[in-house]
Each structure stands twice: as C-alpha cells, then as structure tokens.
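In the form predicted alone, a lone chain appears below as structure tokens.
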C-alpha cells in the first residue's frame, strides 16, 4: 500500500490519461453505445462468465456493466484515491446504497457515525431496516469505547465521513480501521468533503465513496457518485448474479462522465482556493468572537488529527460553519447575504464556484429526528457555508461583515 508520505493525489490524478491513436484528440471520447460487439461468438459467453472484460482482452459487454468513457473517469479517481479500482454511479446516494447493500446481507449490521449527511442517515436508519432487515447503530466516532461497544457479531461495515456533514469533525481513520478489521468489518469512508485533502485509503479505509456532484464536478450541474476500492470489491459490485451496481443499475451516463473528467485537471486549483478562502473567513469570524468551526483553525478539536492525515498543499477543505444562535437569525443572515449583498445563494449542496449557504437542521440534516440532531450537535442556528472563489476575497469579506452587522452580530 502507498504510504501517506509518498502519495501526491494531484500527481496521481494527472498520471491517468485517456487512450488515443494516430489521429486521436486531446480530449476524452464519449462512447454512447449501450451495447458492444464481439468479433467471435465464443467471446460473449466468456464475458458473461467473467473471463473477459475491459482489463482482460479489452472487451465490453453492456452499458450497465462497463463503459469506456466512464471507466477512464473511474481510473482517474482510483489513482487520486490510491485505490486499485473504481467505478462511477448516477449519484452519491447510489454509491452509498450500492456499497452498503454489497457489504451487508439481511440480518446484518452497520456501525455508523451519528453525524452524517441526512440522506445517508435516512438510508441507514429508515430504509434498510424496513426493506432489507439491515440495522445500524449510530455512535460518536470520536468516542473509541462507544465504537467498540457498538459492534455486533453481524457487523459488516463501519461507516464515517472524512469531515462530517455538517459538524466538520474529523475521525481517527487509522484507529477506526483497526477496530473495523478486528471485527471482520470494512471501513467505508465518504470523502465528499475532502477530495485531495485526505486520502482515506492511506489510513486504512477499505472503500472510499464520493458524491461527484460536489467539489469534484464543481459546477453544480451534474449529479454523480463514485466507489473506489480494491479490484476484487469493484468486480464484486459487477457480478452478474449478486452485484449491486450490475443488478440495481445505478451506473453513470458516459456524457456525465465526460463532463466531470474535463473538470478534473483544475480540481487541485479549485480545492486550494476553496480552502484558502474558507480558512481566512473562519479565522476572521473567530476573531470577531463568533463560534466559527473549521478544521483548519488551531482551536478546532480535530485540528491536529486533520494535520496528521491531510495531504500537503490543499488546506482543510472548503466548508465552515458558524452558529448564529437561532433559526431566525441564521435565516436573516443568509437572506441578507443573498438578497442584499449579492454574495452566495441559499441552496443545498457544496463545492460550487459561488458560495452556497444552508441551515442544516432545516435542510440537509432535516431527516434526523430531534434526538439525533441533538446527539450530533446540529443546532438550529448553525449555518453551513460552502465557500466559493468568485470575486475578490476582501470584497466577499466585506459582504459577510455587513450581513453580520445587519443581524446584530
């Protein structure tokens, strides 16, 4: 396995190039065929038996199985995440659901962080028990004893986010990996908030998930996801009899894969600017005496933890939060920023060129019940800010200051 000291995710990303011929273009080609031909009739049964495929003979079977364009994007992401293999899905939730269903059978169990994206929480808490008899115990993954106590004989997955949504906590991935492996479970890590910033595979993660919709795509115009893992697990996902990606069918369209692949070359530039601005805003908010939360701040409880596992040069991510005390004040602040200052949009999602503002307790975490919101520390007045990079830093800071003053802060 690559070690954290010798993995440069940006260099790894750039090392994977599309194939081209004598008259090939500089850009990736879009292969839109839903089905693929063979030269000899005997090749087809070999593909159905798993003996031939993209990596063995250059054979493609069907668009729901593998597609050449999507596979190029997947190989780029696998390289970035220091994984053997990867494949792309139609959404982040498609990646999450396929991985959990592949890892767990009916009657088995998941241990998960109690601070997760609301859709993930609903899938684990509500959907899986009702539809598949797969249960989840939610715990504070900063509490090692609580994590240990949550494991059961049928636990197959320990699920966390690299930087938690929306509380921005950073788990000790290496320690959690040890705990998962000691119980014959996989550590599954959602790295949506921290592409390039952290490479979870280097710290023991077995499967790395992304919502490509966010930072990796960067334009808020496409919905997509990815699963990065060892080759055996990706092959398992495409098994013709039991593969969650093959049989549930949530693979990414090649046109979307092309669009995302074209944006990957400037992902490092974007991530550095997102992080640089987030760090500046977080520090200035903190200097004003406001309860700003950002893993790059020295007083963040996981600042040292992130510093130990992060890749140099990409900062601490592009998201920060600030607790304005009440829902009313949070709403007034966001409305003033958007409607009076013209800075940012009240919208869910993240990783866009413009700043996106939301109040998670009433939006992206609203699937959690009141008790779970309390356990996760998601307060009513918490504002999540996905910091964009348009305009000048000082121009945007002035707009933030005036909006704070407008609500009495």
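The model shown is predicted, which means the values in this text are computed figures rather than measured ones. Residue numbers count along the first chain shown, from 1.
One more form of this protein exists, namely the form predicted in complex with a small molecule; it is left out here, but the text below deals with it.
In the predicted complex, the small molecule sits within 4.5 Å of a heavy atom belonging to residue 190.
At a distance threshold of 4.5 angstroms between non-hydrogen atoms, residue 113 is out of contact with the small molecule in the predicted complex. Contact between residue 199 and the small molecule in the predicted complex is not found at the 4.5 Å heavy atom cutoff.
By the criterion of a heavy atom within 4.5 Å, residue 96 is counted among the residues contacting the small molecule in the predicted complex. This chain is drawn without the small molecule; in the predicted complex, the residue among 171, 92, 315, 254 with a heavy atom within 4.5 Å of it is 92.
Checking 382, 376, 350, 70 for any heavy atom within 4.5 Å of the small molecule in the predicted complex turns up a single hit: 350.
Highlighted residues 117, 165 and 214: every one comes within 4.5 Å of the small molecule in the predicted complex, counting any heavy atom. Considering the small molecule in the predicted complex, the lone stretch of 206-214, 234-242, 278-286, 254-262 in range is 206-214 [heavy atom distance within 4.5 Å].
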